[in-house]
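The chain below stands alone and is given as structure tokens, in the form predicted alone.
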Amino acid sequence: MSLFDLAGKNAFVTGASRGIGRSIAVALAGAGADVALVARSERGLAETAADITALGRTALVIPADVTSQPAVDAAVAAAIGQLGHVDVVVNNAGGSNFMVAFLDLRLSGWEKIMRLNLDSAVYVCHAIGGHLLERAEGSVINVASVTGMTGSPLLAPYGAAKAGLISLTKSLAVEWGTTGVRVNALCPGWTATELNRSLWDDPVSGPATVATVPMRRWARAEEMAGPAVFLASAASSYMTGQVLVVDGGQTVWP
């Protein structure tokens, strides 16, 4: 179990106020890390922080809009300034609140989804990359999606953003590979969160959505926590530029 020990490590997690981000942040704390929590919802961040402090770890609450580069720069500076250093970066902020045919898509909607799911991770990596490289260690985990690996009808902007995030992951893994900084992507399948409750909670659309998933169910947000701890820890010390898919078998069944 020492392979998964994060004692003495500090993490920076975006989208930490709910869902997968909250589960990952709490799991990192459970493995021994102190965590800087970043999201727009101060209330959600406070709830995540309470879970972390209950584990005896430090939780630094940083309300910020990660679609704003100045806000991300300030959040990264605050995390480094108050924690001393950052070892683990989790770019989890993301999501899509609409499904629409491409020709019915408003381009303003495309830009909004790109900013949240791709640009936010670019801002974080650009702001914190120099710190990681200077320390010659660290693990960056970009939370992408299986929609970035396949065609995504009705979710074209979300799928394109996540595909871009996977590509960014691989590019940075190559650029930073000799420095000791690792960059990997975590790709969840259909995961039940508050953001998509209207879909998974529906007695018809819920089961229909996962009909082609071999495990025939939606993932729980906490099922992404273990893979994230693995990617953050020494257990994955020779792993970079990889896409860790956690989808109940969705992408292996045509």
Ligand SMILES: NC(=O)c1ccc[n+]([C@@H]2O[C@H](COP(=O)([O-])OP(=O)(O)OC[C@H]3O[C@@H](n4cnc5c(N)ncnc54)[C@H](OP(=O)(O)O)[C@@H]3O)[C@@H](O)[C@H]2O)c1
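Numbering starts at 1 and runs along the sequence shown. Just so we're clear, the structure is a prediction, and the values are computed from it rather than from any experiment.
There is another form of the same protein, the form predicted together with this ligand; it is not shown, and what comes next is about it.
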Exercise for the section: May I ask you to check whether Gly95 falls inside a 4.5 Å heavy atom distance of this ligand in the model of the complex? Expected result: yes
Exercise for the section: Spell out, yes or no, whether the shortest heavy atom distance between Ala33 and this ligand in the model of the complex is within 4.5 Å. Expected result: no
Practice task
Consider Leu195 of the chain shown here, and say whether it contacts this ligand in the model of the complex, taking contact as heavy atoms within 4.5 Å.
Solution key: yes
Practice task
Classify Ser41 as contacting or not contacting this ligand in the model of the complex by the rule of any non-hydrogen atom within 4.5 angstroms, answering yes or no.
Solution key: yes
Fill in the blank from the handout: Partner contact check in the model of the complex: of 49-57, 225-233, 25-33, 62-70, the stretch with a heavy atom within 4.5 Å of this ligand is 62-70
Exercise for the section: Using heavy atoms and a 4.5 Å cut-off, decide whether Ile20, Val143 and Trp190 all contact this ligand in the model of the complex. Expected result: yes
Problem - Contacting member of Leu83, Ile166, Ala127, Leu116, with respect to this ligand in the model of the complex [4.5 Å, heavy atom] - result: Leu116
